[in-house]
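Read the single chain below, which is given as structure tokens and is the form predicted on its own.
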């Protein structure tokens, strides 16, 4: 693959367009499946509304939110076969069993060579070519190699991981923690309180990751710590902005309209609460956030509930 033009498919015109731009910058040809219109396109990018046309490419980036995945799979199931390499960028988990998107792709289609791209990879970095990095995780080394060769470059470092489960769960749970930090900032908490919130939230991410078969050390990398730091440093992620808006009294629906972006983390908190309850898993921060989003707790009540818990050791 190295040294020649590769044809790549991308499904999704939001973050997917940034991916298409980055791939085309490397000299590859991209077919982007979206209904969005663009005033101008980078050379090498062809826009189509046909999934069939996009899936003529062996390597396809799937850049749609996890709630939209079911409808997409209804179409993909007849088009995808064993030759395809599917790499998604979703930050979601699906259902009360918290299935990852890769698991669903394998269960619902004939594709087996699947992977996930995650980390502090912003749309601006992809479109403008600034320095950045991400991690791609897959059970198949060739998937990692293909992503690195089509997306990576002198200013975009693509790291590889065999802990697909850890990367997917870490990316999804970090989005929830960003919502929590935005909520804390909206409540007026200072740096010390937010630091405590981040540390205890990361402990909950570790618990969930371990129960779902991922490795805790993966969370110290780009899909966990790196992603968290980019938001705290000012990357204005929609999860953080949504948390701030809810803390200021907006309903989840109103806050979503204010943010003007789809936030996957907020959609899976109820499923996480159900998962924790069924397995007697301690996730006090997630449960408190769930109470706020359902309108069962005010922000002050959620904070009081968290602060009144018995204090134990700091073990994860």
Partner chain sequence: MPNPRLLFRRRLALPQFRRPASKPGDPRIFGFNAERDLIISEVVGRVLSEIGGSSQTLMLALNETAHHEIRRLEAQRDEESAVHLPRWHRIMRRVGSMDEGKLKQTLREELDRMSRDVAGNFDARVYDFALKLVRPTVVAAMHPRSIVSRERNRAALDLVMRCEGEVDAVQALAKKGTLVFVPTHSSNLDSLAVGEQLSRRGLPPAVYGAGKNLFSNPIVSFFMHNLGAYRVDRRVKASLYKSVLKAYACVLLERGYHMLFFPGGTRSRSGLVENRLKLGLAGTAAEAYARGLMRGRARRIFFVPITINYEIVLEAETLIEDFLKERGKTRYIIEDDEFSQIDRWFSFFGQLRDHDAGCVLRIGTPIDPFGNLVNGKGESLAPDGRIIDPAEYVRSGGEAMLDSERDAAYTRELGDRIIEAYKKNTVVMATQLVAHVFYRALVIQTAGLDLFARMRCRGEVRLSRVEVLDQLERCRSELLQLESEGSTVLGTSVREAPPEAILQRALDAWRYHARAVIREEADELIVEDPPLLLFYHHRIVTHAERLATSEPERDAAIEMARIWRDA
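Numbering follows the first chain given and starts at 1. Keep in mind that what you see is a predicted model, and the values were worked out from it rather than measured.
One more form of this protein exists, namely the form predicted together with the partner chain; it is left out here, but the text below deals with it.
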Next item on the list: From the candidate stretches 77 to 85, 148 to 156, 236 to 244, 177 to 185, select the single one in contact with the partner chain in the predicted complex, where contact means a heavy atom within 4.5 Å.
Entry: 77 to 85
Check: Can any non-hydrogen atom of residue 122 be found within 4.5 angstroms of the partner chain in the predicted complex?
Finding: no
Notebook entry, point to check: Can any non-hydrogen atom of residue 277 be found within 4.5 angstroms of the partner chain in the predicted complex?
Noted result: yes
Note to self: Taking the partner chain as it sits in the predicted complex, is residue 73 near enough to touch it, meaning that at least one heavy atom pair lies within 4.5 angstroms?
What the structure shows: no
Check: Using heavy atoms and a 4.5 Å limit, would one call residue 210 a contact residue for the partner chain in the predicted complex?
Finding: no
Check: With the partner chain left out of view, which of 127, 215, 112, 200 would have a heavy atom within 4.5 Å of it in the predicted complex?
Finding: 112
Item checked: Residues of stretch 108 to 144 in contact with the partner chain in the predicted complex (4.5 Å, non-hydrogen atom) -> 108, 109, 110, 112, 113, 139, 140, 141, 142
